[in-house]
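Each of the two blocks below gives one form of the same protein chain as structure tokens; they are labelled structure 1 and structure 2.
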Structure 1
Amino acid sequence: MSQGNIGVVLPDYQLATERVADEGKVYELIIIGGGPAGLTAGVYAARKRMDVLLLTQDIGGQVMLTGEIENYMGYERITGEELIARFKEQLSHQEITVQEESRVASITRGGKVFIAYTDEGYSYRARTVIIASGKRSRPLDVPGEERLVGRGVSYCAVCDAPLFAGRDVAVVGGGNSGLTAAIDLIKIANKVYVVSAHSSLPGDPVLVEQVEQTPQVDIFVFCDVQEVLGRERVTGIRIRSRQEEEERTLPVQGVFVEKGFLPNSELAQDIVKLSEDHEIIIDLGCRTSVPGIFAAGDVTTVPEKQIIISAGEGAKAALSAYNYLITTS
């Protein structure tokens, strides 16, 4: 049980524990991923009475790394953990098989079906597939980062910037995503430090100009983050200049890692077309380059990586998969 900010005790819902994934059958749909896109796709597919297997390493994905969420409709404020508990509650009432701690390594076609192979050595077959494997932040890979995720370390300025009102924060990354994060934080934070490993800010000139002309922003170029400081919460970062080989500490309460994202598309790279950024290319109906394979959420080329957008894309993908089945059977 967990107590949320909205004053409701949220149970730990079990997802169809009596249903066991079956290697010997052909499902109508396999969903890969347990984030907002995958879970929403599961609900929509189940309501269409599709025979569904959902394979995921964990339930929640990147959302579980988010502290408070203030831009998901229906909730003025809710944590990532609480929101996923609500998703799980709704999914628990559906007839769907969920296999957790299962990482899909690859997908192949076998005749008229698709086969999903897992790292655990299992293989599952289905007539359609929805890939909703999400993305992962490109990490700093420095001491203190992983331990302080959700306690000052954030990978989403859009989600978490309001939580740092009046505080000093650092944005690590000088590209467009980092500069956009800094611009969002300028309106909220007391002080914003921008740290870039490049010799100058590599983002679009219009963004660079806006950041450089803001008095409350200090810019450190040609610098690398060496460590995120703090025990219970972030208290600062230690940076090192590549040019002068000097170190200094920036006293901040928040660190926004904006070095870009890596789509979890490796599992599909040999079967569907990917963009130059390794995202799965989809059309407006979440259809990929291979009929019968659909994709939804942050792993795709859909613009704006937001929880509510991923959920909507998951719904679209499920409906497209359903329509595919009834028109090709």
Structure 2
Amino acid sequence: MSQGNIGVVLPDYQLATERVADEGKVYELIIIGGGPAGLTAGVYAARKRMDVLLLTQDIGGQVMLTGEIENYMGYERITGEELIARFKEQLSHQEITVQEESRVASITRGGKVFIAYTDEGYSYRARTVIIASGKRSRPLDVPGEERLVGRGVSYCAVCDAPLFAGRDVAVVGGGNSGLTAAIDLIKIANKVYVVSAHSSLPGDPVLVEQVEQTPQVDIFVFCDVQEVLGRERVTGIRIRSRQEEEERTLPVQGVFVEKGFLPNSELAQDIVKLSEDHEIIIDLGCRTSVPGIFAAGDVTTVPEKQIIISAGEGAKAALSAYNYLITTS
């Protein structure tokens, strides 16, 4: 992003499009998701000599969208890609089948096994399942947003920030990811507006201070976005103050949506119990409402969503699945 930051990201080679999963057999465990939770579950399950299939859209999950990580133990600071490269390296020494570019649409029960159906039309069977499908960006849900995706509305600050050099932009959301996006954009954009629905910016104080002290930044707290304006491309956003009930338009060419997250729980909604926030309800052993189905990480009701927490939850889920298999067979 900034000029000093040029380096290279190393590849990981396991040809992604290759089909390695076997539709004909019954695995002992299917893990859904290749983020910290799923990859850690994979290592733990493989070390228990379980016959494991890991189905995932990608390897790395949200960690691939993270620049620097400073709170994963063992590394004072490490980039998201590097951390995932190390996770993969560790997983590659285990006996486990990894099927990338595979999106699970639903899970059903068929007798003593669970069946995972993918978008691509495949189905895989196993005696236990760990759902570790994480979460994704929450959309603004206002008029104009959908029409202007890719025309100024962005959900990936690390991807799209450099495209807004010298322009005026808004970041919607004052949590850590919003503030990090704002800090990245300060180096590139002309003016940065930060819009938060909270009465003060809810992110970590170090980040809040950094943003508040930058003269190019204007902060609007206690405000909701009403509409994204523009026909062919974004020309502004209309915001409304909750306190004064007054509206104003911010003239921007870019809108970075950082409003928190939605759990990727749709694949499980017909089979396990979800919370009001659509998170998969789990107990301390990562057990869901259905015996044999476990869940781990950001897709669950576990309090706090962090890499180290997801990794720990993945480990727990794998051991719970293992114990379930020995006690039920």
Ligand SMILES: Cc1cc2nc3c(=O)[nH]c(=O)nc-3n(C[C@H](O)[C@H](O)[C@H](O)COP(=O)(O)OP(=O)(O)OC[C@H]3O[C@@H](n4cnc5c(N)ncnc54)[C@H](O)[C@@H]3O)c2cc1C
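Note that this is a predicted model, so its numbers are computed, not measured. By rigid core we mean the largest C-alpha set that fits within 1.5 Å across both forms. Every residue number counts along structure 1's sequence, beginning with 1.
Between 1 and 2, where do we have the form predicted on its own? That would be structure 1, which is the form predicted on its own.
State the hinge position among Glu100, Ser137, Arg231, Ser123 for the rotation of one rigid part relative to another between structures 1 and 2. Hinge located at Ser137.
In whole degrees, what is the angle of rotation of the smaller rigid part relative to the larger one between structures 1 and 2? Rigid-part rotation, C-alpha based: 60 degrees.
How much does the C-alpha of Ser196 shift between structures 1 and 2, in angstrom, given a rigid core superposition? Core-aligned C-alpha shift comes out at 3.4 Å.
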